[in-house]
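We begin with a single chain expressed as structure tokens, specifically the form predicted on its own.
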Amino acid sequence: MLEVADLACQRGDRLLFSGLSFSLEAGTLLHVRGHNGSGKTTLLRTLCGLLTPDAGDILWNGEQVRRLGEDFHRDTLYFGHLNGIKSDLTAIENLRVAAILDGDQAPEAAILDALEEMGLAGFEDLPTKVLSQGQKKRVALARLLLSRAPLWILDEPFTALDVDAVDRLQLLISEHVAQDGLVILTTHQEVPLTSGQIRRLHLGVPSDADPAGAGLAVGGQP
């Protein structure tokens, strides 16, 4: 379970949100929504421990994330705006390094299977600098197939993907949630994954009447 209690974050002198509280159990997908600049990326980076909140607590299975340290990081897979791909390394080498950093076991056969499932068969031994942006994104997303982390935090994961890759990624996310995984994501794209029985959190835009960016809501979507 992931619990957020009275969380507040600001960027420079601007308070993005405050008093944010919610809890997510295994088998849940949370779609974080909001206008550009509302704090979606800041929230996701804070949830995975890359940023420190200005107030509030984040708990993982009842323990404060800041006290868990590496134990929490091993349980989390974060995918941000940057692919995290080393251009001089091949797709295989990139996934091998990522697996080591994630503390996962990744045999060569598993890496090859992950790349094939992401539609990269035949590109495994090429330096990623010669791949298209969409192919680089697929290499990075292949980490999802190798990871044992129960918590996935994905910031705009569908960007730069073609229709086939979007379908593949939706299936991966759906399977992870069905297996009691937990997924938090942002996306501007209207994909079937972001409709139906999921939870939504909308980050409101600060105004004169709502200077702290309140008006945050979490709820199911029928």
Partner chain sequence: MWQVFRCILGRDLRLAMRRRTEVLTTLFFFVIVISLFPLGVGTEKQILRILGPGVVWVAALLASMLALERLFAADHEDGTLEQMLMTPQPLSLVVLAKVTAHWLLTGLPLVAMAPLMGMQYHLPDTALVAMILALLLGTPVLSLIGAIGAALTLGLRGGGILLSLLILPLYIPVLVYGSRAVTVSAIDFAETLPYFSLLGAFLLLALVLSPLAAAAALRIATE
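Numbering follows the first chain given and starts at 1. Bear in mind that the values here come from a model prediction, so they are computed numbers and not experimental data.
Same protein, other form: the form predicted in complex with the partner chain, not shown, and the subject of what follows.
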Task: The single option of Leu112, Leu89, Leu145, Ala149 touching the partner chain in the predicted bound form, heavy atom within 4.5 Å - done: Leu89
Open item on the list: Check Gly134 for me: does it contact the partner chain in the predicted bound form (non-hydrogen atoms, 4.5 angstroms)?
Closed with: no
Open item on the list: Is Glu117 near the partner chain? Define near as a heavy atom within 4.5 Å, in the predicted bound form.
Closed with: no
Open item on the list: Can you work out whether Leu50 and the partner chain are in contact in the predicted bound form, taking contact to mean some heavy atom pair no more than 4.5 Å apart?
Closed with: yes
Task: Heavy atom of Ile85 within 4.5 Å of the partner chain in the predicted bound form - done: yes
Task: Interface segment, criterion being heavy atoms within 4.5 Å of the partner chain in the predicted bound form, picked from 170-178, 65-73, 183-191, 24-32 - done: 65-73
